[in-house]
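So this first bit is one chain, no partners, the form predicted on its own, shown in structure tokens.
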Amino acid sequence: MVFLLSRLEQKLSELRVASKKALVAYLVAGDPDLETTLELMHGFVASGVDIIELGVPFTDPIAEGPIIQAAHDRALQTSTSLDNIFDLVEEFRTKDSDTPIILMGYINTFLANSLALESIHERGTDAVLIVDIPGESTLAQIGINNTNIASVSLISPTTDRQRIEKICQTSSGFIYYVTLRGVTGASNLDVNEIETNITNIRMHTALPVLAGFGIKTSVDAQELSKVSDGVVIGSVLVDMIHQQSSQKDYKNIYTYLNEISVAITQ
């Protein structure tokens, strides 16, 4: 019997074999509009991004700082829905069948669309990251029945050791280590603490551990890539997208991502 890796597992496995670190880029679907989101997704990949994390707009994104909260508001003002995002991913797949896509959002949105989520793997989605559920929960436990998508969980600096072990047992794809005590977009990274905590997480799982929240510069990314299996870039990209949305010229974003990609390979 041949065991086929999922798209996300395949990508992370390829990077591990090549001794490379993963670059995950986050953007909010529908900010400034879905057509631009599609353009940016392809531009991200061409600039060295390995995995795309699509933010699903929500009215009360409690884990987000002001930059991403504002992006959620803008996307909701254009009536971006989860159904729209499913269509977006499907359109992306007509040109890119390899880049893994994670939908990152909040439980109310996913539960309201639980039936649709049972077949999202057929439309090109590889994983979900539901921010406001306990990391120990499986998708089935919250009413989402789809064993073909990964469930990425968050672990923070304040997660106690017993919970870390349970979260590692129920997670799939990778572990998302939150580098800060606070919301997205904060700063003051403590690399020594991050290294200690990721080392502890690795005692309980063979999954890759990627680091995110507060990564802004190529120096940040390079330092964190030394102690993790990859980095997630979010708020800085969302802010850059907003700043450039009137001109619809995103070359500086692609240059920035390429610099990050280069930095984490050194």
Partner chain sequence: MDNLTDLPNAEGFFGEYGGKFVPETLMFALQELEETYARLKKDPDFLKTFDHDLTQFVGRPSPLYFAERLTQHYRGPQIWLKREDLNHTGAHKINNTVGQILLAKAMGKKRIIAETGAGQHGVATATVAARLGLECHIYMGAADVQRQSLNVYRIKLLGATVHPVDSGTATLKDALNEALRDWVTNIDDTYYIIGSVTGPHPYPMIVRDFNSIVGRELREQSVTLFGGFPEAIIACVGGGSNAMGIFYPFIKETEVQLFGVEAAGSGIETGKHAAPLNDGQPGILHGAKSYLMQDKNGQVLDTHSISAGLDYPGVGPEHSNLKDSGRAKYLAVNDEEALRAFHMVTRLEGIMPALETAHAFAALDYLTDTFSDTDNIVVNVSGRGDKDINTVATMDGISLE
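Positions refer to the first chain, counted from 1. These figures come from a predicted structure and were not determined experimentally.
The same protein has a further form, the form predicted together with the partner chain, not shown here; the description that follows concerns it.
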| query | finding |
| --- | --- |
| Partner-proximal stretch of 87-95, 116-124, 144-152, 100-108 relative to the partner chain in the model of the complex, 4.5 angstroms, heavy atom | 100-108 |
| Residue contact check: Ser172 to the partner chain in the model of the complex, 4.5 Å heavy atom | no |
| Partner proximity in the model of the complex: Thr158 to the partner chain, non-hydrogen atom cutoff 4.5 Å | yes |
| 4.5 Å heavy atom contact, Ile167 and the partner chain in the model of the complex | yes |
| is_contact(Asp132, the partner chain) in the model of the complex, heavy atom dist at most 4.5 Å | yes |
| In the model of the complex, the one of Val219, Met203, Ile62, Ala46 near the partner chain [non-hydrogen atom within 4.5 angstroms] | Ile62 |
| Within 4.5 Å of the partner chain in the model of the complex, all of Thr196, Pro208 and Ser228 (non-hydrogen atom) | no |
| Heavy atom contacts to the partner chain in the model of the complex at 4.5 Å, residues of 76-107 in sequence order | Leu76, Ser81, Ile107 |
